[in-house]
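Quick setup: one chain, the form predicted alone, written in structure tokens, and binding and motion questions come after.
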């Protein structure tokens, strides 16, 4: 397992600026990032993965990210981006197997790699699609395939940018339940606040590039959400409801 530390993180692009003074995420936490479009949710994930230049410091197990080689990073964290497209005509089974590259010996996959890939295909309800070409799939099917590839990487920290994008409600619930039961740290921007409230235990609320709040499940209040989203939020017995302010 790995612990994540952020110290004086800063990033600027055009008129947008993101700054997080300090952040610690412990192994196994399930962290949802909430905020309006443009608040910096996806940018934060890219910074934590070293995909964008930034100020400050990001450390994994007290080791600066800048000092961790790319190959080793792939054994520390995996990333599911918002959009995933492939140029070459790989099958579903091949795409999922690619998640084992950080663990492969040379360019060869072991029998254990293939067995793990089959398990991911089964967990994500992809066995009927295993021989289909990835580019022939629907948006929701592609999302499940790429999630299976990410999980197959077996990294201790999993970054998922809107994990339920394009998914129907059944697969959304199945995937959130699956993620909630795993040992890995899961960090994900989530647009559906009621789903986030149901399956995550910690919440980072971003507003215009700053960390407005870092709260546990018990402290995710309608007042905080009202301030975050600039809409009036009230809490019901089963869900938050939203109306224009």
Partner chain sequence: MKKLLLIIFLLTLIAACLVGSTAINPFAASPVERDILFSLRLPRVLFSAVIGAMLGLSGSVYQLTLKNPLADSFTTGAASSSALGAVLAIAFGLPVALVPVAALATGLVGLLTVYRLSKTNGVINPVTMILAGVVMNIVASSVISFAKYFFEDSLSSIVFWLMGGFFVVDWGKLLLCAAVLLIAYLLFAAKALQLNMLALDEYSAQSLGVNVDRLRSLAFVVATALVAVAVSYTGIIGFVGLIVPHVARSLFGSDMQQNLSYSALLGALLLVVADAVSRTIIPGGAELPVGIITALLGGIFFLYLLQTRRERLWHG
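Here the structure is a predicted model, which means the values were calculated and not measured. Positions refer to the first chain, counted from 1.
Missing here is the form predicted in complex with its partner chain; even so, the following discussion is about that form.
- Using a 4.5 Å cutoff between non-hydrogen atoms, residue 99 counts as a contact of its partner chain in the model of the complex.
- With a 4.5 Å cutoff on heavy atoms, residue 81 counts as touching its partner chain in the model of the complex.
- Residue contact with its partner chain in the model of the complex: residue 168 places no heavy atom within 4.5 Å of it.
- Although the partner is absent from this view, residue 144 stays clear of its partner chain in the model of the complex, with no non-hydrogen atom inside 4.5 angstroms.
- Checked against its partner chain in the model of the complex, the candidates 122, 138, 115, 108 yield a single residue with a heavy atom inside 4.5 Å, and that residue is 108.
- No residue of the trio 195, 201 and 221 has any heavy atom within 4.5 Å of its partner chain in the model of the complex.
- Remark: of stretches 213-221, 184-192, 50-58, 23-31, the one touching its partner chain in the model of the complex is 50-58 (heavy atom within 4.5 Å).
- Annotation for 82-105: interface residues with its partner chain in the model of the complex are 83, 84, 85, 86, 87, 88, 89, 90, 94, 98, 99, 101, 102, 104 [heavy atom within 4.5 Å].
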